[in-house]
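Presented below, as structure tokens, is a lone chain in the form predicted on its own.
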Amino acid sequence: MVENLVLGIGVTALAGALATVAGAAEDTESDIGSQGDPNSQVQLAPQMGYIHRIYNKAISGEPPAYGLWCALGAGIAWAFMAINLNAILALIVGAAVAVFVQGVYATTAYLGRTASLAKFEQPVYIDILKSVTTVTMAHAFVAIFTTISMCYLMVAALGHPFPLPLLGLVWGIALGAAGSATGNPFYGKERQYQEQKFGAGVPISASGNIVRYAEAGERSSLDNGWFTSKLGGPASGLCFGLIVFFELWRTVLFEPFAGGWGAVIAGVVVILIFMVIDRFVETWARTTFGPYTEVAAAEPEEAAS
């Protein structure tokens, strides 16, 4: 009993660590490829007269995309394990094949979206296609490999009843949702619309007027990756890591009680605790900073002058 509990806690910690890396890599990959919240603004920019060098590969939201890639990688790994291939090697091969599919999707999406903007004089930048596609594939490999490795730990060490491909689908969707909800706001509002006052949101008049120039020359999607790796990526990694950790933690510790209902009760308690914390943070932020107003935005400038 004690040995199983210690093993479960160790697997939970390792799975949480893998999930943290996966979340950070997923959000960075998404923001480099503009597959998150701001992809519609990237698509809109040339129509508003703003030609740019930002990569745009969105053909779906992040949850279904990563659900597909993680399910594909986990399914291939599962098939290779069925013929007694080494588990680590099988996971690597599965992730590599899934990344190849991701690269094909990214390439065709970028070319197709840009071709549809030809009448607005938006060109296809071959250097952007070659450099950014490979970078997104590298980040996607890290995200997919760590996610399906986490799923394999659940099956092999914790005896999860779901098959590996189904776990890959479920946790791939969760991974994409964590990155989309947590990390993308950094990129969608704070990064791509730095001309707007903090807290002002994006007014209709600024639609498509994304940040197109860097400190030296035109900005590319790789610049967005540098920004995301500092803010949105770690935030997404922490979010997804905590989701996995608390999910496995409550199962390992409380499932033996009350015929499995102990884990359900523990999950409800955790949700209620986080609801209280979220409400406290929200009310504190609103009380401290208040609503955005033009007067409040002008005060720092007046003080500086």
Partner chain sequence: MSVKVEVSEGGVPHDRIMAIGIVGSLVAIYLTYLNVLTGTQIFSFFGGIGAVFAIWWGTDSIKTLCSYGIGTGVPSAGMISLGSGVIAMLLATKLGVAAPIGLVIIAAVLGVILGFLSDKVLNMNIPVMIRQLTELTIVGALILLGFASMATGSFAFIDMITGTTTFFGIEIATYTYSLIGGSVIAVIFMLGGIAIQHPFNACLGPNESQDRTQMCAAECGFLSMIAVAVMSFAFLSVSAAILGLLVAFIGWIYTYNEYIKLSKRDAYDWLDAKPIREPKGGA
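Keep in mind that this is a model prediction, so the values were computed, not measured. Numbering follows the first chain given and starts at 1.
This next part talks about the form predicted in complex with the partner chain, which is not shown.
Contact annotation: of the candidates 91, 210, 72, 178, the single residue with a non-hydrogen atom within 4.5 angstroms of the partner chain in the predicted bound form is 72. The contact with the partner chain in the predicted bound form, taken as any heavy atom within 4.5 Å, belongs to 76 out of 174, 154, 76, 135. Heavy atoms within 4.5 Å of the partner chain in the predicted bound form belong, among the stretches 178 to 186, 136 to 144, 107 to 115, 222 to 230, to residues of 107 to 115.
Remark: residue 195 does not count among the residues lining the partner chain in the predicted bound form, judged by a heavy atom distance of 4.5 Å or less.
Taking the partner from elsewhere, residue 82 is found to have a heavy atom lying within 4.5 Å of the partner chain in the predicted bound form.
Taking the partner from elsewhere, residue 50 is found to have a heavy atom lying within 4.5 Å of the partner chain in the predicted bound form. The closest non-hydrogen atom of residue 190 lies beyond 4.5 Å of the partner chain in the predicted bound form.
Residues of 225 to 260 that come within 4.5 Å of the partner chain in the predicted bound form, judged by any heavy atom, do not exist; none qualify.
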